[in-house]
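Quick heads-up: it's one chain on its own, the form predicted on its own, in structure tokens.
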Amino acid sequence: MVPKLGSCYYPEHWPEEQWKKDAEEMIASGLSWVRIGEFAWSRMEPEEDNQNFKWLDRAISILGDAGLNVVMSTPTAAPPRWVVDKWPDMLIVDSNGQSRKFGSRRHYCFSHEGYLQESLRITKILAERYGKNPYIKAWQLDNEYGCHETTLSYSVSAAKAFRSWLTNKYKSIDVLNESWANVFWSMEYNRFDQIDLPNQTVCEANPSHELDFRRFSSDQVIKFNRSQAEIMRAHTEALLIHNYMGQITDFDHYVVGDDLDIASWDSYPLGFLEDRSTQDEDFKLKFMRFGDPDFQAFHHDLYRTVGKGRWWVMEQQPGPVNWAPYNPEPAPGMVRLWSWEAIAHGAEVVSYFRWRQAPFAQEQMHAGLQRPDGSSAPGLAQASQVAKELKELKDIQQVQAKVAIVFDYESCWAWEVQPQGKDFSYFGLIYDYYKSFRSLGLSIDILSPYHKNLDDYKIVVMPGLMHIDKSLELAIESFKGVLIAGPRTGSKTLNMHVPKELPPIVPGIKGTVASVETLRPNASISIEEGGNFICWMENLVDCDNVIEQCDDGRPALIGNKNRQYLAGWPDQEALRRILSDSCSTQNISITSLPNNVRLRDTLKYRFWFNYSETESIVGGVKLPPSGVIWESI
């Protein structure tokens, strides 16, 4: 595979006489892909029954004639005003019952049938017009599903669709009442049309009700994406893509990905550090110009799985963004580092957002590869440097990692519905394991909960997995390596009940969770062998074998060398120690890394990355500030 570079471009934002010059400069800078069209609906169709595609025809021809491969987009993430006027109830409604107004983007409700048909109509028009265009090599469907908290909608349309979804699932209202245990608090229903959405209740809604609403909402995203994909498949052989976001977990990306050819995501290391990280202020200050050393890598590995091995970065941060609480300038060299780290994790394309900074509207403070006047911004030279380096380092092949983490969207919904502790986060729990593996110099694969074969791995961890699917259970039973589960693994039925046989329900683990407690942020429980449990602690009884225990005598780690269960949420000291021990038993070589240095192994090369303004030396490898180095292995 020879990775390529690209950029996001908005011909509708610039004078037409400038398009050819822009395209030529993109090629001269080493770019070969360009994404267009995802927010251009009002220019494609200024009003109902009044379409204007001539400008888009010319833009595609100019870009393609210059040598660029075009990613064309369906524009459905930003329906124009006339569509909202036609369907005034299509707007998404938040959990407080407030309709989200027109004036930005992603203002539609996935459950509104009128808007779905409107989106499919414009998709079909585009597919028929451009499906065979030789310059269009890929299609992006919509843009950033779920961004701005737009998956869950509490509209009238959503309530109607939810009742239909429940009817199809349960068939009988008695079955639903039993599945949700509605005998509790006299919540029993007589008919499906009595069921409302689980918001604005006096206190928490029934967790079974709320989890089903999360499943339904995910299915609405899947339906919306699949409907566009089916139209496209009938008119084009070009690749189908969607650009996911960082730490958006409210729909099942694996299932959405089943209908696409490639997964992509939008990587904004500094924006995400400020906007989504739960790290403390000292960490954010230290890495404010570099980004969290593990956050991007986690999503690279996740979306490689979502795309079944094929994935891109559709939007790579090239400078300061506009949407985070604070928006610092990347340290010199970091755009290059982020690009190479994506490539080392298997990205086929790294596309920078955007070619030129907009001089107007909401994103006018968001940097591009060029400034608004067309002069070069700092990121452009770094992108060009990557393009030149790619000509010398062409053969970057992925290799299966020795360790893997199971990541499950449904478990994330379950623990958001019933966290039990204010600070409990499924994403945070998984991410802590990922960070620990990375700090040991290991490459990691992310597995879906539907994975059917673990045999090629030496260590698999599955913390917090709500319910173990039958196919995964069979894979565990035949797995010869080390399995590490807990806390909360196998602790609920699919109906969000405590299992009749008390958890953990994990093959090969004997023990019972007698009770759980959640800890305040400044509290911890010490483990005798080193480190602590934080946030979450389970009291285990009737254990087959206690491997480690807490200072207060409670079991901390149970099982044997190949099947282990952790009774709590370990801090980094405890996790690194436990994972290191498992690596030792499996003859996995580790390299203890400082928190600013990370590495990634491919088939032929080892890549080193320095998330720091100072030189770092690890294992005899000298890394310059914001440096990327690769060596043959």
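If you're wondering where the values come from, they're calculated on a predicted model, not measured in any experiment. In this text, residue numbers run from 1 along the sequence as written.
If you look for the form predicted together with ligand GAL, you will not find it shown, but the lines that follow are about it.
Trainee: Of the options 108, 353, 290, 303, which one has a non-hydrogen atom that comes within 4.5 Å of ligand GAL in the predicted complex?
Mentor: Answer to the contact question: 353.
Trainee: Which one, 220, 208, 228, 243, lies within 4.5 Å of ligand GAL in the predicted complex by heavy atoms?
Mentor: Contact check passes for 243.
Trainee: Might residue 118 be said to contact ligand GAL in the predicted complex, defining contact as any heavy atom within 4.5 Å?
Mentor: So residue 118 does not count as contacting ligand GAL.
Trainee: Looking in the predicted complex, any heavy atom of residue 283 within 4.5 Å of ligand GAL?
Mentor: No, residue 283 stays farther than 4.5 Å from ligand GAL in the predicted complex.
Trainee: With the partner left out of view, is residue 311 within 4.5 angstroms of ligand GAL in the predicted complex by any non-hydrogen atom?
Mentor: So residue 311 does not count as contacting ligand GAL.
Trainee: Contact with ligand GAL in the predicted complex for residue 554, defined as at least one heavy atom pair within 4.5 Å: yes or no?
Mentor: Result no; residue 554 lies far from ligand GAL in the predicted complex.
Trainee: Taking 33, 336 and 384 as a possible spot, do all three reach ligand GAL in the predicted complex with a heavy atom inside 4.5 Å?
Mentor: No: no residue has a heavy atom within 4.5 Å of the partner.
Trainee: Looking at 407-415, 92-100, 558-566, 136-144, which stretch has residues with any non-hydrogen atom within 4.5 Å of ligand GAL in the predicted complex?
Mentor: Comparing against ligand GAL in the predicted complex, the contact stretch is 136-144.
Trainee: For the heavy atom contacts within 4.5 Å of ligand GAL in the predicted complex, list the residues of 347-373 involved, in sequence order.
Mentor: Stretch hits, in order: 353, 363, 366.
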